[in-house]
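One chain follows as structure tokens, the form predicted on its own.
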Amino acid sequence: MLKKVGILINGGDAPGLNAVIRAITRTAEKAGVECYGFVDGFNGLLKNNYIRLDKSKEASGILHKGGAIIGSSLNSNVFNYKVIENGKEVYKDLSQVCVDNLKNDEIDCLFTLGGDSTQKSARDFSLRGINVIGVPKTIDNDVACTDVTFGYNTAVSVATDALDRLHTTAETHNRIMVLEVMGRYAGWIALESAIAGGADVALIPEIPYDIEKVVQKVKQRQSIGKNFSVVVVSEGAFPKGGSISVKDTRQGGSGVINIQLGGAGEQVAKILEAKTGLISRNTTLGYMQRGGTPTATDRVLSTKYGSKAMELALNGTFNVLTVLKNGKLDYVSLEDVVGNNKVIGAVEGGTAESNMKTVRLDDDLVKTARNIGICLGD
């Protein structure tokens, strides 16, 4: 029988995390199962630092709150973890420490809330004999095998609100207003917010853009008396024959993101001003997209995911990812989520081995954008 479960969050925060925690905890309480949260994700699992969530005030009144009451780990790959030995940085596989902690704590199932890399680690722990159930979390909406991830709807809503505000400034001052949104390898946020916010151009990582096509769009609008344009740029968008805009790099070992993106929107704004003669300004939305109160849609989706995850655990269905398929809750094997990424130890997303969900050119969003005249830079 299931007696104890643990919750762990890895990666950037996303609106709806607390709603998932609440749903898992409440479903566990109804079944008489103890529920614990590891503090600061994989770091907490490594240090065996956790708090009790059921029959406590910790998981109460958190449905509407942004962030996560148990924190999250960033760039923490316990299969290749940075430690200091003799004053030097070295990387070690400390995953067995985590396995031992879970077994000593008598945790019967570990819920992993996270994206591509998190679920890769979840799969790897399952191969070490740990019962794991993943819950897809990322505002980028790029986790494989599920229709949508929680946090995405809030991010799109925030971006759309920003576009509404930028649109009025663009029209008032006859300017080009560029909005850079998150989307390292997948352009879902940019594409959907562009449609919702009435943007004229949307540049996404999946379609290397020709800046001249964007210039043509701006000039075509000028020819009919519209002396302003609104452009949405994914942070991972890049020009044909060019590369992504990197703001900074670091040495964090394998299996974590070692580059910080930045500058894609600024680059587009600068070129457009030079080529069109219109003043162009870039706004980088940044962390505004992932913080704060989740939308009603994300609250419901998060609750559904959390409840389903606990239901799967109670039924003895482990080593899977909870997903939404054609509008219905379901699950898939973590092996399906991992795809070709078979090596033990997390591999950074966006590689040939990862299995991220990116925008397909035949997707309805792409067709819709083209139909209503949004320029995609190709």
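From a predicted model like this one, the values you see are computed outputs, not experimental measurements. Heads up: residue numbers just count along the shown sequence, starting at 1.
This protein has a second form, the form predicted together with a small molecule, left out of what is shown; the following refers to that one.
Contact with the small molecule, judged by heavy atoms within 4.5 Å in the predicted bound form, is confined among 265-273, 100-108, 287-295, 77-85 to 287-295. In summary, among the residues Val135, Ala194, Ile139, Ala237, the only one with a non-hydrogen atom within 4.5 Å of the small molecule in the predicted bound form is Ile139. Of the residues Met182, Val143, Ile176, Ala199, just one reaches the small molecule in the predicted bound form with a heavy atom at 4.5 Å or closer; this is Met182.
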